[in-house]
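Presented below, as structure tokens, is a lone chain in the form predicted alone.
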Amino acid sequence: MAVARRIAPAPELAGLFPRIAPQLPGGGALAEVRERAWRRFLEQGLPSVKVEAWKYSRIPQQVNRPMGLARPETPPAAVVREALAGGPHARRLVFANGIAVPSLAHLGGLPQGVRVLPLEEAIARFPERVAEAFARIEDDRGFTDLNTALCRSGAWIELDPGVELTWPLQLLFVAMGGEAAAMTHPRVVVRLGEGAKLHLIESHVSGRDGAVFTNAVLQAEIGEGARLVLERAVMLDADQTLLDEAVCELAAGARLLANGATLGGGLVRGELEVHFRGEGGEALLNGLYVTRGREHVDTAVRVLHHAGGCHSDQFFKGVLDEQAHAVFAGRITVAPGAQRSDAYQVNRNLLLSDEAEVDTRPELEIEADDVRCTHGATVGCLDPNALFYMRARGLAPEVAEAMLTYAFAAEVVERMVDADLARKVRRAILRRVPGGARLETEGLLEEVPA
């Protein structure tokens, strides 16, 4: 029997929006945007393995089951403290199950021309602008429509032209599991005016065991000559699922630096889509996934050169142990007329177990003739010659293997801008790599302080 490309939402999911629509923030134009998104979601359904972009990730198993919206909670103080990043001057919003927790926010002293507020507050102040922002993303991705229809909270971040937020801004999402599976759909809207600068940190951590499905969407409009540093870290429990889509649109001369690390989660799919809308833009995209057990990490990157003279660079690495599975799909598209495009892509993977598996698919689609575009992918194990060299100098086998594995992953971590986040990522790597705990406890790596 042939497998359908689309799977119809289960009755519990299909009937969710009509039940909760009156409780969702916003009315008028925003309510109409939500209704249109819900209709598209019902028409599109959920992707099956016959849809190429979702070939290796069985999302309906995680989503298409009885599941209500997650309830607002207050996350444990210890969890929040452990996940803080950005340094002592960072500003932040904290979310529990996708809902903003005002008592944990720190937004004082923002300079003039910077507006950062929970999305529900933005909806109350200027619902038409929020509706217009939501409507800007209407693609064939059903999960975006699901987010648009069911979103209750998130963040609205806006910088006027020429304004720089000198401190990092952290969005901390804490998944609070319970007895029953629950879902949440946070939305983040970022708008940078001409020449504005922002360093945004997005953290996803677990506050309590239990099945939580987070369907997050971030949309960023980076104005002419503006700069956005976007750093993301995921450290979830094995029964928690995260779908995280970021869509970034770059005007002429805009700059994007995106760094990400996935270090835990039963099923994590990170999607990053970059559109060059004006000439002279640059996007540097770096990512790392370190998986173990039966974890599944799916990374999808799409870079679209609509305008000429733009530069993009993708650098992604993966470390897989036990029965973990990773997927990397990176696509570069150069449109007709986007001459002098300069695009690179590389994906390197290290397998620590015979049962670990990775599927990597770099792709190029070029419709211009004056370009420089390359891609490549590798999958391998630790170099036996390097292991012999280190063991010949007195290192125990597990220490030598841990050092080589850590060095492989650290090449991505070194590109992170925020020192706090990089330190947390390094320590998480050591906790997940065989023998890594010994490197940390015995102080064999000086750059990983407690």
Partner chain sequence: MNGKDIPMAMLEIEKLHVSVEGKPIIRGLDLSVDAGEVHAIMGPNGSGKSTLAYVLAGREGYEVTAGTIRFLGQDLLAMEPEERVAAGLFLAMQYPVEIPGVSNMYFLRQAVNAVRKARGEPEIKPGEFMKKLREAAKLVGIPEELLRRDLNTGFSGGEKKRNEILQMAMLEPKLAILDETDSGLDIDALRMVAEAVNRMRSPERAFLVITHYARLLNFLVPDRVHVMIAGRIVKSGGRELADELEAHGYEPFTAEAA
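Numbering follows the first chain given and starts at 1. Source: prediction; values computed, not measured.
Omitted here: the form predicted in complex with its partner chain. The next part is about that form.
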*Using heavy atoms only and a 4.5 Å cut-off, determine which of 386, 42, 49, 417 is in contact with its partner chain in the predicted complex.*
386
*Heavy atom within 4.5 Å of its partner chain in the predicted complex: which of 382, 31, 53, 395 fits that? Just give me the one.*
395
*Consider residue 423 of the chain shown here, and say whether it contacts its partner chain in the predicted complex, taking contact as heavy atoms within 4.5 Å.*
no
*Is there any non-hydrogen atom of residue 433 lying within 4.5 Å of its partner chain in the predicted complex?*
no
*Tell me, yes or no, whether residue 12 is in contact with its partner chain in the predicted complex, where a contact means a heavy atom of each within 4.5 Å.*
no
*Contact test in the predicted complex: residue 58 vs its partner chain, heavy atoms, 4.5 Å*: no
*Triple contact flag 404, 407 and 438 to its partner chain in the predicted complex, non-hydrogen atom at 4.5 angstroms*: yes
